[in-house]
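Next up: just one chain, as structure tokens, the form predicted alone.
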């Protein structure tokens, strides 16, 4: 059990520069964002939460995703975080705008930073994402808000997250699935591919074997972390003290997470299993019959 205590005497909505950043995903995917935080903002303390008991998010309904996110954000604010980064494209696509109006804390998502980066790279943009993210059209809308002349094609990849979580990246079956998902984008002669799920950078060697060498890969994790660091600086909340060790929490089995995460982190985390609070939509969000 992790025994490092983060500030607990800070009231909800009151931020301190030494408070941690909250980072969450359905599982291992958010570790790509965590690695970027280590690289770009090594002075920051982090609480990482993986909702491993309920992954994958990409096949869940928008209502389910919104409920999950509310529970996670409620728990994170109780831990005294100063900012939350949704290290999950599905959550960013389906819940970000709603929860921003419900929680008095800066919350950043991946979609807009990824869209801005994509249009700087090319005009024929492919997006691979979970079915829920694709169905939301969040990336297409965000890309066209930045550059209406860009062409965008999206492909839902429901098998990628389970394959990554099961550590089957080198399995020949994964290559075959990736070929099937990418072929429609290759046929459209895309010049840029956006990782529309934080799990997908783990598949970079597989994707590179299939894609034409000229296709540029865009990882929104790089750009959301840059945005987070900039916002903390503007708010005067950048940590100027020594960071605490990253606290890892999961809703499922800690041992499984620790074993699989070691490959991506380069060290073995010690995750603790936590129980998320049960929350309900605010009364003012409920539909009232006339």
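This structure is a prediction, so every number in the text was calculated from the model and none was measured. Positions refer to the first chain, counted from 1.
FYI, the form predicted in complex with D-glutamic acid isn't displayed, but the following is about it.
K.L.:
Within a 4.5 Å heavy atom cut-off, is residue 161 in contact with D-glutamic acid in the predicted bound form?
P.N.:
Looking in the predicted bound form, residue contacts with D-glutamic acid include residue 161, since a heavy atom lies within 4.5 Å.
K.L.:
Quick check on residue 49: any heavy atom within 4.5 Å of D-glutamic acid in the predicted bound form?
P.N.:
Residue 49 lies outside the contact set for D-glutamic acid.
K.L.:
With a cut-off of 4.5 Å between heavy atoms, is residue 56 one of the residues that contacts D-glutamic acid in the predicted bound form?
P.N.:
Yes.
K.L.:
Of these, 194-202, 74-82, 214-222, 170-178, which stretch puts a heavy atom within 4.5 angstroms of D-glutamic acid in the predicted bound form?
P.N.:
The contacting stretch is 194-202.
K.L.:
Do any residues of 97-132 have a non-hydrogen atom within 4.5 angstroms of D-glutamic acid in the predicted bound form? If so, which ones, in sequence order?
P.N.:
If the 4.5 Å heavy-atom criterion is applied to D-glutamic acid in the predicted bound form, 97-132 yields only 130.
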